[in-house]
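Take a look at this single chain in structure tokens; it is the form predicted alone.
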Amino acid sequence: MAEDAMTEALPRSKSQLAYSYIRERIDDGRYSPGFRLVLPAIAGELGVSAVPVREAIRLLEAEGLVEFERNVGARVAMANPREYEITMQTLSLVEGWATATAAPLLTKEDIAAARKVNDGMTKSLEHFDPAAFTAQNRQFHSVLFEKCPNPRIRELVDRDWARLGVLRESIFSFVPDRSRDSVAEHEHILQLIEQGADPLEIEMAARQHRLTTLDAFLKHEAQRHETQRHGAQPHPAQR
């Protein structure tokens, strides 16, 4: 009986190990939103079979940290899609205004620095890393809004960027095609600033840039829910 109890306890111990291993990487960003969780690969890293990894992923799915998508399998979920939507809507307003009011204060060196980041983002499209692309994206926008003369607006922008970090935001994992359009829109905003365009035009361009990314994500979510409604997703237990 004692031997049977030990045999039953072992898989649970390995499942907890797998759970902690995956959860830690989700929490610290190594497994960013959209990251595909390949059972055999994780099992190999842990030196266990796929069974405890499968059990761990079931627990993470129940917690809303993992989702399943047709032809993709298990991957890290967005922490809170609704909260992401609200944050992006707010950020589009405050960051758009901050970018417009900062524009006259940007030097040629500032614009060159932003363009250098954007050029790096363009080059990275060949070997796309969503998490790295997201970090570069924040760096690019920081150059454009950091000279906003209203400290309260800058604080609001920083707060919402931090909120996206809490949400484990790496939207380009979900809609990678959006990345190519994004760098083109960056260049358009830079050209408007260089040309001394009307502040309202700059503000609207920056705002629309943010909202277009949000729209791409919402379209992805709608398609995913529609797929789930019309056909059951393959569960890891069936793999």
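Quick caveat, the model's predicted, so the values are computed rather than measured. The first residue of the sequence shown is number 1, and the count goes up from there. Rigid core here is just the name for the largest C-alpha set that superposes within 1.5 Å across the two forms.
Omitted here: the form predicted in complex with a further copy of the same chain. The next part is about that form.
A.B. asks: Identify whether a further copy of the same chain in the predicted complex is within 4.5 Å of every residue in the set Val72, Gln139 and Leu144, based on non-hydrogen atoms.
C.D. replies: The answer is no; none of Val72, Gln139 and Leu144 reaches a further copy of the same chain.
A.B. asks: Only one of Ile111, Leu125, Leu93, Ala132 gets a heavy atom within 4.5 Å of a further copy of the same chain in the predicted complex. Which one?
C.D. replies: Checking each option against a further copy of the same chain in the predicted complex, the one that comes within 4.5 Å is Leu93.
A.B. asks: So a further copy of the same chain isn't shown here. In the predicted complex, which residue out of Ala102, Val117, Val76, Leu156 has a non-hydrogen atom within 4.5 Å of it?
C.D. replies: Of Ala102, Val117, Val76, Leu156, the residue with a heavy atom within 4.5 Å of a further copy of the same chain in the predicted complex is Leu156.
A.B. asks: At the 4.5 Å heavy atom threshold, is Ser20 in contact with a further copy of the same chain in the predicted complex?
C.D. replies: The answer is no: Ser20 has no heavy atom within 4.5 Å of a further copy of the same chain.
A.B. asks: I'd like to know if Arg36 sits close to a further copy of the same chain in the predicted complex, meaning any non-hydrogen atom pair within 4.5 angstroms.
C.D. replies: No, no contact at 4.5 Å.
A.B. asks: Does the 4.5 Å heavy atom contact test between Ile86 and a further copy of the same chain in the predicted complex come out positive?
C.D. replies: Because a heavy atom of Ile86 falls inside 4.5 Å of a further copy of the same chain in the predicted complex, the answer is yes.
A.B. asks: Using the partner position in the predicted complex, report whether Ala184 sits within 4.5 Å of a further copy of the same chain, counting heavy atoms only.
C.D. replies: Result no; Ala184 lies far from a further copy of the same chain in the predicted complex.
A.B. asks: If contact means any heavy atom within 4.5 Å, which of 55-63, 42-50, 25-33, 184-192 contacts a further copy of the same chain in the predicted complex?
C.D. replies: One stretch meets the cut-off, namely 55-63.
A.B. asks: After a core superposition, would you say Arg210 shifts its C-alpha by at least 2 Å between the shown form and the other one?
C.D. replies: No, its C-alpha moves less than 2 Å.
A.B. asks: Taking 2 Å as the cut-off, check whether the CA of Glu201 shifts that much or more between the shown form and the other one after a rigid core fit.
C.D. replies: Glu201 C-alpha, core-superposed: shift of less than 2 Å.
A.B. asks: Is the shift of Arg58 between the shown form and the other one large enough to count as movement, that is, does its C-alpha move by 2 Å or more after the core is superposed?
C.D. replies: Passes the 2 Å threshold, so yes.
A.B. asks: Between Glu69 and Thr212, does the Cα distance in the predicted complex come out closer or farther than in this form, changing by 3 Å or more?
C.D. replies: Here the pair is closer than in the predicted complex; there, farther apart.
A.B. asks: Considering a change of 3 Å or more, are the Cα atoms of Phe217 and Arg70 closer or farther in the predicted complex than here?
C.D. replies: Residues separate in the predicted complex, at least 3 Å farther apart.
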